[in-house]
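Single chain ahead, written as structure tokens, the form predicted alone.
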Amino acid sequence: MTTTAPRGGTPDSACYDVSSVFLGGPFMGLVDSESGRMSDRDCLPFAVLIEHFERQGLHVYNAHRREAWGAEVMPPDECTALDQKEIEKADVFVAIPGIPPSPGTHIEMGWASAFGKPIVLLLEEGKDEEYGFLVRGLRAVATVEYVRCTDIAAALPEVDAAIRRAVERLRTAA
């Protein structure tokens, strides 16, 4: 998945009717062993999404940024408990499941589902068959919207619309 520079937009947290989002995605598998951090290219999709959500007044929970893109990795027991707590606190869960699949992100998707969170998954367009059956079928047991894209920045309006749909579906089902 590529990412271009983000487009401008009007900050409007009311467009979601939520105040926070947990943003998940591949992390430790992207940390370079020599530099001890993710490459700028790998950081970009997350940075674009974080900036987009924060411009709209949302609080963003994100392990990548919290752990300085790999430079300040927390011990497993600590980051696992914190991720789970932040997913539980967040109003919405948004994630890039990863190709190849990110084991940590898949666990986070399970937590979000178990907590009854609205979920938006960003899948690489044209590669559905590379995502596991449980990722593609998660909507059968949880409130999930899928955004298929090749460029995160270009897909921001679709991400916003997917969040609105997921939140609305969850509220009307309640």
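Here the structure is a predicted model, which is why all the values come from computation and not from measurement. One rule holds for the numbers: they count along the sequence shown, beginning at 1.
Omitted from view is the form predicted together with a small molecule, to which the following refers.
**Q** If contact means a heavy atom within 4.5 Å, which one of 138 to 146, 117 to 125, 33 to 41, 62 to 70 is the stretch that engages the small molecule in the model of the complex?
**A** This holds for exactly one stretch, 62 to 70.
**Q** Indicate whether Met28 is a 4.5 Å heavy atom neighbour of the small molecule in the model of the complex.
**A** Close contact exists here: in the model of the complex, Met28 approaches the small molecule to within 4.5 Å, heavy atoms only.
**Q** Using a 4.5 angstroms cut-off on non-hydrogen atoms, would Met74 count as touching the small molecule in the model of the complex?
**A** Contact check for Met74: yes, within 4.5 Å of the small molecule in the model of the complex.
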